[in-house]
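First comes one chain, alone, set out as structure tokens in the form predicted on its own.
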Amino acid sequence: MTEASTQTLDYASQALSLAQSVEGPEWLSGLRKDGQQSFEGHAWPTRKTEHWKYTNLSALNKQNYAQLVANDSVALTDSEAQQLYLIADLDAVQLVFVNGHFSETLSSEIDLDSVEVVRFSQADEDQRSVISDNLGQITLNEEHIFSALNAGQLDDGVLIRFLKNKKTETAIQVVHLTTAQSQSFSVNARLLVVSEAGSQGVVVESFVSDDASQTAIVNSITECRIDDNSKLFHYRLQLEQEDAIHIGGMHVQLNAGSQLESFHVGLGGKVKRVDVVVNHEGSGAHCDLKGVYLPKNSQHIDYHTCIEHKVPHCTTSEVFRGIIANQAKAVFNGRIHIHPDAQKTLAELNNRNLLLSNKAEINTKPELEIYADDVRCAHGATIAQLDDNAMNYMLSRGIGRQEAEVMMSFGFINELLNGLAHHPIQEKLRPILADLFGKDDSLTRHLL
């Protein structure tokens, strides 16, 4: 590790020590070694690091996270665990990891002729070849320190491979469940999605926890290769307890004529940071990226997105909305980069934020960097509080102030929920998000 602040140097050393002790498949040892070397070469992020300016990582130094937990250390019953992640009426199969360990009892038997789903440690020779050819090829470890750490600590992961020219209606749900333990620990999650040419599939990533104060740091990295004329529906649902520490990334390669529809929802935590990077590598690709974030109390959440338009005739629509309550803090940095050869690009970025208290804070920075002259691009950001005129209107119609506040707040994000392609996911999220605004059922009676 190069020069770093003394405040967080202990965590960096502990994380590297854990990485060097990991025992995973031998055929992944090269990736682990490269990740460890890349992690050592990074300067640790501080408040002087531009992309980490508003996210303080000192919480990572409060406990020793350089340890794992045993398989048998989970107190939840199967029924209690399933209530946290199952999505009613969604045609889906699940792979469930509990505190970083694969749970065979909670996971589904997967027998689909249009998709292959396998853990890295169970992959056959052909699947190992697919993994080796793609893993670490989209994520740039030299630019993302926690991607490098994830590779350095890699002991297992999941491959989802949508087969060529086949349409998969059944969603593949990968669940990472954490439960409070007597010791702090690390969870290293890796997902590789390969959508072969002409395929269509649905992936749901669910990060959930029990209600106790969390003792884990989760580092999750997802890579997606979406081949020519294929389409991927992707959902990343981060619904952990409010003391969770979660640092993750999603890195996507879009090829000619491919489509990505990705939706992110993030509840706040002690520290939460997600990097989303989408690379337009083939002409005619389309990215639809949407998300909502809802920190409250003293929580923190940070979304950094970067859309790289490298070739002509590609489109991007990006919309993120945040509701920040109490003394919570949120960060949004959205960047669209138009390369010189990316003529005829159409790209739009919009970030809207609602502050529910005078102590809530949002740092938002939408960016356009354009090096082509035949493009249509737009970006914008807004920060506001609840509208007094709308509030007076609702009060004059006999609606109580608290209920009016809940209705107006929820309405700010409901438009994005209503636009989701899979209705059962709407129905799963709506009561969870509505509950953030009003614990009393009478305050959310018109929302559900």
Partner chain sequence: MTEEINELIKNEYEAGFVTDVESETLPPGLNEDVIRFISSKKNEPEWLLEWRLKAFHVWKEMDEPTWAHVQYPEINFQDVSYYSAPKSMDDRPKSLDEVDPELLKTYEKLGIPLHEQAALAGVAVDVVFDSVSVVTTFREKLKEAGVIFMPISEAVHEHPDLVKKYLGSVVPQKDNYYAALNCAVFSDGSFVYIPKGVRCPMELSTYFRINEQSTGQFERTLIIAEEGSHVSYLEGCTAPMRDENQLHAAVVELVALDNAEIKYSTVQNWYPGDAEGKGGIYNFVTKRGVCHTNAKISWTQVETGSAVTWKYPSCILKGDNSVGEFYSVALTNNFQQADTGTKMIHLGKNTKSTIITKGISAGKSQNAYRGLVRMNPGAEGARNYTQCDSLLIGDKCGAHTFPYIESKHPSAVIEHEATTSKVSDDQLFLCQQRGIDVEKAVSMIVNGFCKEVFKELPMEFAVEAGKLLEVSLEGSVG
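Residue numbers count along the first chain shown, from 1. Take the two forms, superpose them, and find the largest set of C-alpha atoms that agree within 1.5 Å; that set is the rigid core. As the structure is a computational prediction, the values presented were derived from the model and not from experiment.
One more form of this protein should be noted, the form predicted in complex with the partner chain, which is absent from this view; the next part is about it.
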Look at the stretches 181 to 189, 281 to 289, 355 to 363, 304 to 312 and give the one with heavy atoms within 4.5 Å of the partner chain in the model of the complex.
355 to 363
Three-residue site D78, Y85 and L436 fully in contact with the partner chain in the model of the complex at 4.5 Å by heavy atom
no
Using a 4.5 angstroms cut-off on non-hydrogen atoms, would E26 count as touching the partner chain in the model of the complex?
no
Taking any heavy atom pair closer than or equal to 4.5 Å as contact, tell me whether D91 reaches the partner chain in the model of the complex.
no
With a 4.5 Å heavy atom cut-off, would you call D373 a contact of the partner chain in the model of the complex?
yes
Evaluate S103 for contact with the partner chain in the model of the complex, applying a 4.5 angstroms cut-off between non-hydrogen atoms, and reply yes or no.
no
Looking at Q343, S132, T168, N229, which has any heavy atom no more than 4.5 Å from the partner chain in the model of the complex?
Q343
Looking at D124, E142, D211, E367, which is the one with a non-hydrogen atom within 4.5 Å of the partner chain in the model of the complex?
E367
Spell out whether the Cα of A421 moves at least 2 Å between the shown form and the other one when the two forms are superposed on their rigid core.
no
Indicate whether A43 shows a C-alpha shift of 2 Å or more between the shown form and the other one, with the rigid core used for the fit.
no
